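One chain comes next, on its own, written out as structure tokens in the form predicted on its own.
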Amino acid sequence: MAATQVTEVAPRRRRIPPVVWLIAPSVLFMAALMGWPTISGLIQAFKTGDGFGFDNFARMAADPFFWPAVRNTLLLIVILIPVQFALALGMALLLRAKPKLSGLYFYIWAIPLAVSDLAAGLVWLSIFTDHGYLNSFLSHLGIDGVNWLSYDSNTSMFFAVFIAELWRATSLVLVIVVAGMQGIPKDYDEAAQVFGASYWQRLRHVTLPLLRPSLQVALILRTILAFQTFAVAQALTGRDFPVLVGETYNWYVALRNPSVASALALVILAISMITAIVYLRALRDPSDKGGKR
């Protein structure tokens, strides 16, 4: 009887998929720069002398600057962002029409992107201060100057911060909208034009729906960044026009209380995340609401 030879095959070692190696650096980078600081902030925000609780949040809410900071930040977002989107959309449509020197216009409008927040605040401080360029211009016209940055006039301070933020941050929305428009095929607009659609009808029923993904990205990004408004308001008004991030800075640096500063940072993080989720649901493409096919 011939002996039966049984050959044992050694189990093959499972190879790590290449995609894991590709995303591993990003995951480690995000964990180191965002994961650990977030966990550390959470612990610090809820940590009290007796253990864990909401004492830091209660102290934050009882601060006299907290609710004015919430009001000013929300006012800036509610009023500023629609104006920025209207301006950016108008400028993008003008660039799409390709007038003379349209490339030069784009680069000039994009200049604020290269200017830091603090530098932008200092530039506008030289304009709005009592002896600044704006009051000098008004005096040449025979008009009395205005104390734009007076601590007892919240309206004029809001106006100054609004104009400075409008100049500084509209270029970001413009770049995103222009990039979105370049991805829209001209065939759709030309076909609508052949069927007799007016300019406004083409804008409403062709351009804006196709621009929805870009507008969604710009809206989320701009709103989150608006919650982080700080340097411009700080350079123009100091603490006379409090904003949420400015209060976080004051609690951490001036008042040396990192626990309350962490509580404020968590509030800003929570509001930003909730806003992003609302935007994603509200601006979702109707064709995707049916789920998977």
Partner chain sequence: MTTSDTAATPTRGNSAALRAHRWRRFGVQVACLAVTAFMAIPIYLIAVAAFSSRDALNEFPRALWPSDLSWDTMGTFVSSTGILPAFGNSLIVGVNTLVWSLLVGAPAGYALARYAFRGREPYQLFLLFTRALPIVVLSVPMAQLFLSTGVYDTTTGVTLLHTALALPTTVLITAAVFVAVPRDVEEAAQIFGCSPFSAFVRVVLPLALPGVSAASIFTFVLSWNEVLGAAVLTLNRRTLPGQVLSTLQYSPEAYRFAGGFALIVPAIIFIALMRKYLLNMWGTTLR
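Definition used throughout: the rigid core is the maximal C-alpha set that superposes within 1.5 Å between two forms. Numbering follows the first chain given and starts at 1. For clarity, every value in this text was computed on a predicted model and none was experimentally measured.
The form predicted in complex with the partner chain is left out here; the points below concern that form.
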| item | value |
| --- | --- |
| The single option of 83, 208, 75, 179 touching the partner chain in the predicted bound form, heavy atom within 4.5 Å | 179 |
| 4.5 Å heavy atom contact, residue 278 to the partner chain in the predicted bound form | no |
| Distance check, residue 97 to the partner chain in the predicted bound form, heavy atom within 4.5 Å | yes |
| The partner chain contact at residue 124 in the predicted bound form, heavy atom, 4.5 Å | yes |
| 4.5 Å heavy atom contact, residue 117 and the partner chain in the predicted bound form | yes |
| Non-hydrogen atom within 4.5 angstroms of the partner chain in the predicted bound form for each of 106, 221 and 234 | yes |
| In the predicted bound form: members of 46 to 60 within 4.5 Å of the partner chain, any heavy atom | none |
| Exceeds or equals 2 Å, Cα of residue 23 between this form and the one not shown, core fit | yes |
